[in-house]
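First comes one chain, alone, set out as structure tokens in the form predicted alone.
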């Protein structure tokens, strides 16, 4: 039986098309359709129900030292009320999950993890922390609502005075709907964006309060995927997995090789031997969109890799894709072919991200 977020009935009342996502019954799109939802995010403001995501609290004198070994990014010395993106690796250098680390106090941390990996992440963390470190899975008590778009700050300022002071990858506590909530500014669409963490039973009040502004549109996981592909953000199970390393995925900047962490020896070995494949971004010559099950071929038909994410991009008016290619075929500007046994299309390898006009850091 699928899990439900606290807003499940609300999504149905709004006419959302519901689909299974990581064991959760989630809205993929609303009646206005994905193109209008895309327009709302890129030009105005949209709200996503992301309450399926996982949240862990880790606290204790030894918590910082243990997290430093678990997460690829260095978290030592992080200022309180700041966030940092990183990954947890296995011994072979594959990604157990990607996550965001929040420093709540000197000795208290919150990790935000992917819904599909909550149980796996819990096991992995408990395996690597000292007995004195306290671990709390607060996923089923914590709702998460993402408010994204160039007008998101302007809209939220009416509800959360002081939010204009939040810098990129920082957070603070605010009073909202009679509750103390955490609001961060990270984003996953390429636009200015905020995440509201509130008690599970408060989610409806928060949702209603934000949507009371007519400029805000409810948006689903369908357009969220389009937006994150345009911004070339990874999605676990596509660009990242237990068998894909952050080096292959082009995420080396989120790996601090100057410290020790689980999986580092495997990454060092990969660096010495050279990457057999690398992640590339490509644009179709027309509106035809690549799909995750498609293969990638050289211009003369030699199979060279696999598509891991693809969509039609309303921002570019073309099909766009992300895939892994054998290293010798990854040159920028190189012509490739994507498709299956029935249909193929031409494309060109381009720099990331696809969408560069966003309001993310404004």
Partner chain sequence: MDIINHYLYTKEHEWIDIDGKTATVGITDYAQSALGDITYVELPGIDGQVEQFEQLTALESVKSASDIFSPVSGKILEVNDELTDDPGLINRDPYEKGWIAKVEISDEEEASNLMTADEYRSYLESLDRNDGGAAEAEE
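Positions refer to the first chain, counted from 1. Since this is a predicted model, take the numbers as computed values, not measurements.
Heads up, the form predicted together with the partner chain isn't pictured, but that's what we're talking about next.
Checked against the partner chain in the model of the complex, the residues 310, 305, 54, 27 give one hit for a heavy atom within 4.5 Å, which is 310. Between the partner chain and the residues 199, 222, 94, 150, the one pair within 4.5 Å by heavy atoms in the model of the complex involves 222. Interface membership of residue 125, defined by any non-hydrogen atom within 4.5 Å of the partner chain in the model of the complex, is ruled out. The closest non-hydrogen atom of residue 288 lies within 4.5 Å of the partner chain in the model of the complex.
Interface membership of residue 17, defined by any non-hydrogen atom within 4.5 Å of the partner chain in the model of the complex, is confirmed. Among heavy atoms of residue 35, some come within 4.5 Å of the partner chain in the model of the complex. Stretch 222-230 is the contacting one of 222-230, 183-191, 269-277, 114-122, since its residues have non-hydrogen atoms within 4.5 Å of the partner chain in the model of the complex. Contacts with the partner chain in the model of the complex, taken as any heavy atom within 4.5 Å, map within 321-345 to 342 alone.
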